[in-house]
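Presented below, as structure tokens, is a lone chain in the form predicted on its own.
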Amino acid sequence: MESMKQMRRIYLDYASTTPVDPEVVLAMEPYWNKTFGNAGSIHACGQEGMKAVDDAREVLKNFLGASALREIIFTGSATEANNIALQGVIQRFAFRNGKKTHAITTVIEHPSVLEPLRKMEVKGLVDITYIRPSRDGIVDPEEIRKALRPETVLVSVGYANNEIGVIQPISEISKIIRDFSNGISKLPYFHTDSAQAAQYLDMNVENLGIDLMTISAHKIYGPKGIGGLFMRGGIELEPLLYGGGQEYGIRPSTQNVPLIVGFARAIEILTPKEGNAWNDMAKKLQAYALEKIQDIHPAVEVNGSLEHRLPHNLNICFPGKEAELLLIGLSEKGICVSSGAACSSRSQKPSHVIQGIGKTERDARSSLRITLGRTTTKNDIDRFIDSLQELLL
């Protein structure tokens, strides 16, 4: 039997993070110790860094269909971008008006959306309406319409869920919000966390009708520690940090030039041709994996809609089985999968997402997330299935 040292590890947790593409590593290399100037410096070394940042900002601007460079804000992560957007908007209007505001979100959002909203709710800055999706994980746009109030300043609905991969009807929700404001007010602003979506879905903010969009580099074969926020021109928010003018004063910190360059290169690699080819392959591998899982354990249930879902994601409930034991057993066999979001995997709490779509705590504790990547093969899936079957016996 293969030893762990000889056994090739099979990684099936691409929703958590991706390896950095070699082209991205190559693009970043000069900015570590050759072109290392602070992008805020006026001298020639600094201006080389600023040019790299501006070039990268242009890449993201074009990718998202933004109308101006200043609509792209580089952040330290998608979590930070979510916090800047949510706290920034709510605090600006709560402080300005001197009274509590209102926001709408869903119960299945990423913790970096839910937790800052709850903190502001506790502080008395905002009332939150939490929309519960249907059992297939999809938010009914009409529920958003019913929740809107005159004092609503923000709606935040994730584009594609990080755990179950379900895609939300963002354009329909946007139309409802615009109809509500009737062109009289820019409020409420519509924010979407699209960290999981960039590799698979239309990211054009005009097509989607988005005011604030969060994006992440390390989900698309870019480096960790860098994210981005699209912020439509004219939006007012309160910065979380003070002490500099970088990123138009929205995120005043020294720009991390190598990571920004890597982020842009990862975006450039996401050409429509390559993206469509991978989408097609991912969909086939997803169907193959599900068929094989159902063959060895017919009682399994897919968590969330299979139709309206990212093509690389399978979130499966194994009734009567402990997901944590399956995860550990698979890891010992060289197979890396997860039981939910990486940011909350050590909390030992059952998935709020799976419970949020109407399933039980026991279902949540019996669910695994399998997510595929560009280098995943049928042989990888076959080995995963063989290892899983041994653990299910």
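All residue numbers refer to positions in the sequence shown, first residue = 1. What you see is a predicted model; the values in this text were computed from it and never measured.
The following text describes the form predicted together with another copy of the chain, which does not appear among the structures shown.
From the list 228-236, 150-158, 76-84, 186-194, the contact stretch for another copy of the chain in the predicted complex under a 4.5 Å heavy atom rule is 76-84. In terms of contact with another copy of the chain in the predicted complex, the residue from K100, K321, R251, H297 that brings a heavy atom within 4.5 Å is R251. Although the partner is absent here, K123 is a contact residue: one of its heavy atoms lies within 4.5 angstroms of another copy of the chain in the predicted complex. In the predicted complex, none of the heavy atoms of R132 sits within 4.5 Å of a heavy atom of another copy of the chain. The shortest heavy atom separation between K292 and another copy of the chain in the predicted complex exceeds 4.5 Å. Contact check for R9: a non-hydrogen atom falls within 4.5 Å of another copy of the chain in the predicted complex. Residues of 27-42 lying near another copy of the chain in the predicted complex, listed in sequence order, are M28, W32, N33, F36, G37, N38, A39, G40, S41, I42, the criterion being any heavy atom within 4.5 Å.
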